[in-house]
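There is one chain below, alone, in structure tokens, taken in the form predicted alone.
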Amino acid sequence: MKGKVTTNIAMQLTRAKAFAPASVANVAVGFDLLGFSADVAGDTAVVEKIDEPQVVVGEVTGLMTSLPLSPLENTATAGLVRLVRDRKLNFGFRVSIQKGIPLGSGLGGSAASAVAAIVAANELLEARLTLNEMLSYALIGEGVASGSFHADNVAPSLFGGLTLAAMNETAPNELPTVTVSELPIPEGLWCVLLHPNQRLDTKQARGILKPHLQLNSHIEASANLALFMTALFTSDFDLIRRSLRDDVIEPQRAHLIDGFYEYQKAAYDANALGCTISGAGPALFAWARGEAHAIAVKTSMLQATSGLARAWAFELKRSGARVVS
């Protein structure tokens, strides 16, 4: 894994600590497919070996402290329960979590916890997991939070950068598997994240979506996705501006976010390339060309919130999950 600290003395290790960054899912045109890492925030997991082959939720600190204590209901530990069973381990894990991402923020908090935990636990295994195997176990945790498997947060948090993650068909009792493609990031591409002072749970935001799509809407959405992908590979910022739009999911979810259209308008008034909902919301993301434009977009969006939000401006990078000790 890029930027990952590795060791050849896994059998001697009894404790490992890993960090997984926040992420932005959907990216307007790629519902349940596209996502990118946002290293401005993240979750940290400390995993310790224990003698019994079970998983225990330890200390929970940070922005959220009232997480489920049942290992099957906690996003950081659900995948580890399956790992202990699959590998028939003669030891287990105690997992402590430091939440740096609020739950229900639209910034991939559940995915980051699941990724951080599996990356730390992997350091304690004699036979290491592959990157794709870690992704599969992290998806089990993500499924606890959202009620379904989709890797648009897990993949960028684990791999870093901008990813396209397509779920593969698997039998009911098999591990979920994903085909991940790491996409190019045009030089000078910046992001602004705005997190309003609001919580919106993923299950609620998914629950209101219509199950069917009109043919003309499907054609338009497919065209935008194709144009967007072309723009990434050719570093065509004008084409990014034209294609980075969500005419399918955004109209269904915008009413769940107080002030959404005001915040979006503020971004466009400051020359954003595009602006829409981050994941399930309530966070919004906007893309801009260069630092100066990004700072202007951030300032404009914050002004529209009257200070009732947090915001970050950062250049898109390929930093993903990593072991920190």
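Residues carry their position along the shown sequence, with the first being 1. Nothing here was measured: the structure is a model prediction, and the numbers come from that model.
Same protein, other form: the form predicted together with L-homoserine (HSE), not shown, and the subject of what follows.
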### Query
Which one, 136, 202, 75, 163, lies within 4.5 Å of L-homoserine (HSE) in the model of the complex by heavy atoms?
202
### Query
Do residue 268 and L-homoserine (HSE) come within 4.5 Å of each other in the model of the complex, heavy atoms counted?
no
### Query
Does any heavy atom of residue 32 come within 4.5 Å of a heavy atom of L-homoserine (HSE) in the model of the complex?
yes
### Task
Would you please decide whether residue 157 lies within 4.5 angstroms of L-homoserine (HSE) in the model of the complex, comparing each non-hydrogen atom pair?
no
### Task
Considering only heavy atoms, tell me if residue 20 and L-homoserine (HSE) come within 4.5 Å of each other in the model of the complex.
no
### Query
Of these, 258 to 266, 272 to 280, 48 to 56, 296 to 304, which stretch puts a heavy atom within 4.5 angstroms of L-homoserine (HSE) in the model of the complex?
272 to 280
### Query
Would 25, 142 and 146 all count as contacting L-homoserine (HSE) in the model of the complex, using a 4.5 Å heavy atom cut-off?
yes
### Task
For the heavy atom contacts within 4.5 Å of L-homoserine (HSE) in the model of the complex, list the residues of 139 to 160 involved, in sequence order.
142, 146, 150, 152, 153
